[in-house]
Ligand SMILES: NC(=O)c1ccc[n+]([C@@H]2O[C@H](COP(=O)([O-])OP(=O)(O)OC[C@H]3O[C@@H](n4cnc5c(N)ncnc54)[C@H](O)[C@@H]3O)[C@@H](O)[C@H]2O)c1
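Next comes just one chain, in structure tokens: the form predicted on its own.
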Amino acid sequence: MMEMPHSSKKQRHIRDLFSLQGRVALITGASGQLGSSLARALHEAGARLILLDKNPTRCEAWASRHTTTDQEILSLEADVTVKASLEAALSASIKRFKTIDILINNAGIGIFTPFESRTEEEFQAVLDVNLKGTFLCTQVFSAPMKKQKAGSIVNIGSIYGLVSADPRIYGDSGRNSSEVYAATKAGIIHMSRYYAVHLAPHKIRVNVISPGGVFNHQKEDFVQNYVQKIPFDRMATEEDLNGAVVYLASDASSYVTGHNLIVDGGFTIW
């Protein structure tokens, strides 16, 4: 039978819509620049956290500083390219928290060598982490969401999944954005639409955040070249993504799925 829309006599307060109190959020690549910031945002919104990383030392240190009685934080070592590793992480997560409500597929890598000298191994490594990792994590960690008929998956894309990198930005910085990185981020956007359709019967939403360039102490020439293309005249900070991830993880976006939320300061509008 078709599910009909209905209105509640008592609408939820907007603060409640954005709250993640009692939810369990798993973040891959949690020790990195973006991952640690996204973890903080979800934690501040009330979520209990599972921090997944191939090198979990920084995650463990962060967890020890922020764990409370009401908001436990579990740090796990896992490789997003190895299904058995993810299944072990799932088992440990369910043992501790009983379920997973939110998945943030943040783990990703790039490669900066000129494409003419790119090796097959470098090309494959980016494919494995960015595309295969997103696929495997979605496959494995959506299982408890299916059982409870609820969940939110947020994948991290990039503006370079939408437009080609402008080589004039990079100059001699050595940070030439690669074709394989762009291809994987475009793939993540389209995989997310596919998953949004196929997981909808299980009441699981799947969305993407596509950030612009995030400042990480790049060379001054690069930063100057980059911000010339930004209407807001600055690169992003990690904090610029925090509101977006809480929105897509929370009930505030309960009717949003298959969407690519671009957070780029206007880079792609001209």
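One-based numbering along the sequence shown. Nothing here was measured: the structure is a model prediction, and the numbers come from that model.
The form predicted together with the ligand is left out here; the points below concern that form.
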query: 4.5 angstroms heavy atom contact with the ligand in the predicted bound form for Ile230; finding: no
query: Glu122 within 4.5 Å of the ligand in the predicted bound form, heavy atoms; finding: no
query: Close approach of Ile111 to the ligand in the predicted bound form, 4.5 Å, heavy atom; finding: no
query: Proximity of Thr81 to the ligand in the predicted bound form, heavy atoms at 4.5 Å; finding: yes
query: Stretch in contact, per heavy atom within 4.5 angstroms of the ligand in the predicted bound form, of 180-188, 87-95, 114-122, 67-75; finding: 180-188
query: Residues within stretch 142-158 having a non-hydrogen atom within 4.5 Å of the ligand in the predicted bound form; finding: Ile156, Gly157, Ser158
